[in-house]
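In C-alpha cells, one chain follows: the form predicted on its own.
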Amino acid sequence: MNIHEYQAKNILSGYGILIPKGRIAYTAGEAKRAAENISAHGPWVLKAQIQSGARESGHFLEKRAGAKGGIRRIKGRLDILEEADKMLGATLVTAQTGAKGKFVSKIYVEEYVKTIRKFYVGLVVNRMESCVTLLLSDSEDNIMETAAKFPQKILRVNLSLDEKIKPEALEKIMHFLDLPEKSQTELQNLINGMCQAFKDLDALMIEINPLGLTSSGALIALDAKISFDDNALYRQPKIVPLHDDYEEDVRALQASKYGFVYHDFENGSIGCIVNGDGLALSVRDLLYGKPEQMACFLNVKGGVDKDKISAGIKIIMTNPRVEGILINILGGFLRCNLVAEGILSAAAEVGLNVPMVVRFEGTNKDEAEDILAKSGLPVLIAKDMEQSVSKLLKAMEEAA
C-alpha cells in the first residue's frame, strides 16, 4: 500500500524528521488560504498529490493547465489562485503514470525551502541479506537509473532495526555525502527516525528524494514516499484509512476486495492468473522477445472459495486489452480444482472469447484437469510453464 507525499511527510515528522510547513488543499481558494497561513510573503510550492514520481518533469493533458509540470514554485499570492486552479481537476502524466496519467484532485501547498545541496535517501527491505538497507546518493536523479549508469554514486549500508545507527556507519555516510560536521547530529536523527518508522509501521520502503541540506546544516525532507506491507496492515489501524481508492486502477480495486493483487502493464495482450508473483514474473520472462507480451496479471491467494476465484478470473476476462489468457497455478493451500470450478463459473457468466491455456501443478491437479476436460470449454492444458506459453502464443496466432 502506498500513500501520498503529504501523508508520508506527516508520519515522518512524528519521528523527528524535519519537513517544510505545508497544508493540503482541494480548491484554489483553500490553496490561497493555506499559503497565507504558511508564510506571509512566500515563495511557495504547489505540488500535485498523485502517487507518482517525476511530477515536476511531467505534463498535463489539458491545455488549460499550462506547460508547467506537477510541482510549481509560486512567488505571488494572486498566482496561487491561478496556478492551483489550472492544476486541480487536470490530468498529470509522468514517466511513471503511463500515457493516461492521473487525475489531480488535491494539491499540497508548501513553503519554499532554500537548500545548498540535495540528496537521495531510501530505506528498503533487503531480502538477499535478510536486513534493511539504507541507500544514499549525492544525486536526486532516478535511483534506478543512477544505479545502472553510475553505481559508484550510491552507498549501501545494511542496518539493524533493533539498534541505533553505529558511529562507524554514520561516519562512512558523512564522508560519502561530504556533509559538514555540524550536520552529523541531524543525519543521526534522520536515519534513526527512518528506521524506527520503518519498524513501527511495517514499511517496505521509505524514500526521501530529495533530502535538502540548508546553509545552517539542517537536513529537511523535501519529498517523501512510504510503502507498507499489505500483509501487515491488519496491525496498522492508523495506516489503513490513509489508502486512497482513487489512486487505484478499477480492476486493481476490484481485485483487492477479494484479497487478490492485480497489476497492469502499459503494453501487451496476455492476461495471466497466478497464485504467486514469482509465477507471473517467470511467465513474463518466458515471453521476453516474443510477439505477444503480458498485459496484466492477477495474483490469487490461498484460503479462498470458488466464487472469489470466479470473480477474480472475470477481472481478467473482461479486460478489453486481453487477447489470450494463461493460468499458472501451483496448488497448495489453493486447490487446483477450485480454480477449475472458478473458470467454469466465470465462463458461464461472461463467456470465453479468447484462447486460454492452463497449467496446474500440486494439490488436486488431476481433478482440476478432468473438470476442464469434461466442461466442453476450449481450454488447452499444458504440462509446464514453457509449454503453456508456446501453446498460448500458437493459439493466439491462429485466432488472429
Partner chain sequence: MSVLLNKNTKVLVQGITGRQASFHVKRLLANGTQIVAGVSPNRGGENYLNVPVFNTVSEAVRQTKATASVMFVPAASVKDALKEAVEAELETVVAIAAGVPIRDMLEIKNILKNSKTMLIGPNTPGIITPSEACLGIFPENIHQKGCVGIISRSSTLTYEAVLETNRAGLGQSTVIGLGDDMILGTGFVELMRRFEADDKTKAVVLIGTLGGTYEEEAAAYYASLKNPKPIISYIAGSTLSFNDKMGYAGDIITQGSRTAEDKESVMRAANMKVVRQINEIHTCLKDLFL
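Residue numbers count along the first chain shown, from 1. Just so we're on the same page, rigid core means the largest C-alpha set that superposes within 1.5 Å between forms. All values derive from a computational prediction rather than experimental measurement.
Below, we turn to the form predicted together with the partner chain, even though it does not appear here.
Novice: If you check 216, 105, 267, 231 against the partner chain in the model of the complex, which one has a heavy atom within 4.5 Å?
Specialist: Exactly one listed residue reaches within 4.5 Å, namely 231.
Novice: Pick from 250, 240, 116, 281: which residue has any heavy atom within 4.5 angstroms of the partner chain in the model of the complex?
Specialist: Of 250, 240, 116, 281, the residue with a heavy atom within 4.5 Å of the partner chain in the model of the complex is 281.
Novice: At the 4.5 Å heavy atom threshold, is residue 131 in contact with the partner chain in the model of the complex?
Specialist: Yes, residue 131 is a contact residue.
Novice: Is residue 164 close enough to touch the partner chain in the model of the complex, meaning at least one heavy atom pair within 4.5 Å?
Specialist: No, no contact at 4.5 Å.
Novice: Report whether the minimum heavy atom distance between residue 333 and the partner chain in the model of the complex is within 4.5 Å.
Specialist: Yes, residue 333 is a contact residue.
Novice: Using a 4.5 angstroms cut-off on non-hydrogen atoms, would residue 263 count as touching the partner chain in the model of the complex?
Specialist: Taking the distances in the model of the complex, the answer for residue 263 is yes, it comes within 4.5 Å of the partner chain.
Novice: Within 4.5 angstroms, counting heavy atoms, which one of the listed stretches 75-83, 310-318, 285-293, 169-177 is next to the partner chain in the model of the complex?
Specialist: Answer to the contact question: 285-293.
Novice: Would you say residue 65 moves its Cα by 2 Å or more between the shown form and the other one, aligning on the core?
Specialist: Where the cores coincide, residue 65 shows only a C-alpha shift between the shown form and the other one that is less than 2 Å.
Novice: Core aligned, does the CA of residue 282 move at least 2 Å between the shown form and the other one?
Specialist: Yes, residue 282 moves 2 Å or more.
Novice: After a core superposition, would you say residue 321 shifts its C-alpha by at least 2 Å between the shown form and the other one?
Specialist: Comparing the forms between the shown form and the other one, which are aligned on their rigid core, residue 321 does shift its C-alpha by 2 Å or more.
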